[in-house]
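What follows is one chain in structure tokens, specifically the form predicted on its own.
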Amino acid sequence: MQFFELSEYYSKLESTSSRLGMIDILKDVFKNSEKGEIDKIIYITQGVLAPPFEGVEFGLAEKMAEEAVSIATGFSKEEVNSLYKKKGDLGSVAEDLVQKSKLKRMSARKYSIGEVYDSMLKISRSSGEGSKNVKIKLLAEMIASSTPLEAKYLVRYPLGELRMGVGDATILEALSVAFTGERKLKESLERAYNICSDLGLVGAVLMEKGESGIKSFKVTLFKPIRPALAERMPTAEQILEKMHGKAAVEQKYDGFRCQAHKSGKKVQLYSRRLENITSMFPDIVRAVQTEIKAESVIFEGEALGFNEATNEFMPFQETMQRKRKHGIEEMAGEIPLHLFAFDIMFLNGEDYLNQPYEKRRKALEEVVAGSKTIKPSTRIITSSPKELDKFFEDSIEKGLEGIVAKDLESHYIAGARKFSWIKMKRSYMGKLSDTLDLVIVGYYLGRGSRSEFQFGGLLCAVYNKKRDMFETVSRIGTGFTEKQMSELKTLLDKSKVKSRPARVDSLIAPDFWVEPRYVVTVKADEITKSPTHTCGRGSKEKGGAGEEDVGYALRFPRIVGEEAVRSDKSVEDATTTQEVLEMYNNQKRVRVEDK
């Protein structure tokens, strides 16, 4: 496939407001792709060069892209920058200026997908003295030979600004339709993706080996597994009832979720978002290399600061200081980390995902036995609500978030939120609300005292995994510091889109729509029924109202935390529609119990 063909597909994707329409367009892209290029098409569509865990970044700044457009079209850098300020989208600037180019057009070369991808890899890999000029030259050469529409996406791609709003679930569904004619393979594709975290690889295997190749996917060292997630419940009685009367109950640590892979002396660490964080935590790496009793293993835990002198856990804000690119060894001395391991997925060549929890826990304890830095999470096994509550209170007293109860017979369910794990946090107890992680889908202009920031608030949504859609749940206008308002305005200006994104379900129109990309943590007084928000609208799941014109909303929402956005969570990790419905029903139970 030629890149100009892909650009035409992208133009259609950008203009569609229907997720089903997006699937139909992507289906055609995948059906018309050639052998050896479908993985590259998927990466380009995701706006990346490789899956996050490979850590491949473009390293191309906006100013460099502006200079490339200037060189390719003959317009001055000042003219390019001026037009960029007006349009707010450098890709559209490139499209416009290629159309009006002052230079004699270079050979109308038609770049293949592979050629564009390889050139972008060269841009990424160029480093050291003179690398800036090399990057600019490579991009300028492609722009100068491209059509206006190609130029638009050639510039947007390395800047991470494709603006199509295509999610992983949409790509998986389109792959199923492209190669089977229906959606029947989506579940198998999701399983493959959940255990390799590489959509490009999933697409390539499907194209080359078909359904049998997808169904035979296995856990592989140094390809992180998408983490299992917990549902939530507010009381010990409800948790144990859901767990059939008995559960393992582990302390819930407030640190960095960390997945460790080891083969011999090679060790890699991955974050909750599956980014390679090995270089940030040399003390954990050394501990895995020297203190773990396994030749090969994949396990996960929570890394957090621990003061051995006082036997206390450090606050999350202090632990956060360890996540840095500079001064790592010095900070490791100031804030030593402990890794509290809570699950194992692979051991000495054997896949443990489908082993019951108790077998996994026994293997985990044997693997970390004797380590000074890596300890198994503290836990109890109980069938008593009273004992569970006491364990919860003890955990809170130690400065932890709460507990996670686990079904003794459950498998490790990668990439999914199931009731095999149930969390109970401090804020659930006796209150009608909890913090929620919401996705920004739009923002409002500042008025009155906020007019100088040109930022007045956010339109936020939760994630409906079943629909792969973002459903609005709140307008947020309070809780912002001046610093946060400034940061949010800068971030959101770069992801503005002209119309409602296809994966956003909203009855409300903000001043500006934005591509769903950023997550914020929000506190609210309660969850109420709403005629204007689409969260759970018409849903009968988990006790939803089932009324076509009724959704759910947050009452008195406000931003919490010092950071403007959650850098450790992707939009698909945000609070789900199903969680909001469950929280709504939980708060009703609390009201009844309080009477």
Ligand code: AMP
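Position 1 is the first residue in the sequence shown; the rest follow in order. In this text the structure is predicted, and so the values were computed from the model without any measurement.
Keep in mind the form predicted together with adenosine monophosphate (AMP) is missing from the figure; the text below concerns it.
* Asked: Can we say 342, 406 and 425 each have a non-hydrogen atom within 4.5 Å of adenosine monophosphate (AMP) in the model of the complex?
  -> Looking in the model of the complex, the three residues 342, 406 and 425 all sit within 4.5 Å of adenosine monophosphate (AMP) (heavy atoms).
* For residue 271, is any heavy atom within 4.5 Å of adenosine monophosphate (AMP) in the model of the complex, or not? -> Residue 271: no, not in contact with adenosine monophosphate (AMP) in the model of the complex.
* Asked: Does any heavy atom of residue 253 come within 4.5 Å of a heavy atom of adenosine monophosphate (AMP) in the model of the complex?
  -> Residue 253: contacts adenosine monophosphate (AMP) in the model of the complex.
* Does any heavy atom of residue 377 come within 4.5 Å of a heavy atom of adenosine monophosphate (AMP) in the model of the complex? -> Yes, residue 377 sits close enough to adenosine monophosphate (AMP) in the model of the complex that at least one of its heavy atoms falls within 4.5 Å.
* Asked: Are any of the heavy atoms in residue 257 no more than 4.5 Å from a heavy atom of adenosine monophosphate (AMP) in the model of the complex?
  -> So residue 257 counts as contacting adenosine monophosphate (AMP).
* Asked: Of 569, 27, 529, 558, which one comes within 4.5 Å of adenosine monophosphate (AMP) in the model of the complex, counting heavy atoms only?
  -> Only one listed residue qualifies here, and that residue is 569.
* Go through 421, 75, 518, 392 and name the one with a heavy atom inside 4.5 Å of adenosine monophosphate (AMP) in the model of the complex. => Result of the distance check: 421.
* Pick the stretch from 520-528, 144-152, 479-487, 244-252 whose residues have a heavy atom within 4.5 Å of adenosine monophosphate (AMP) in the model of the complex. => Looking at the partner contacts, the answer comes out as 244-252.
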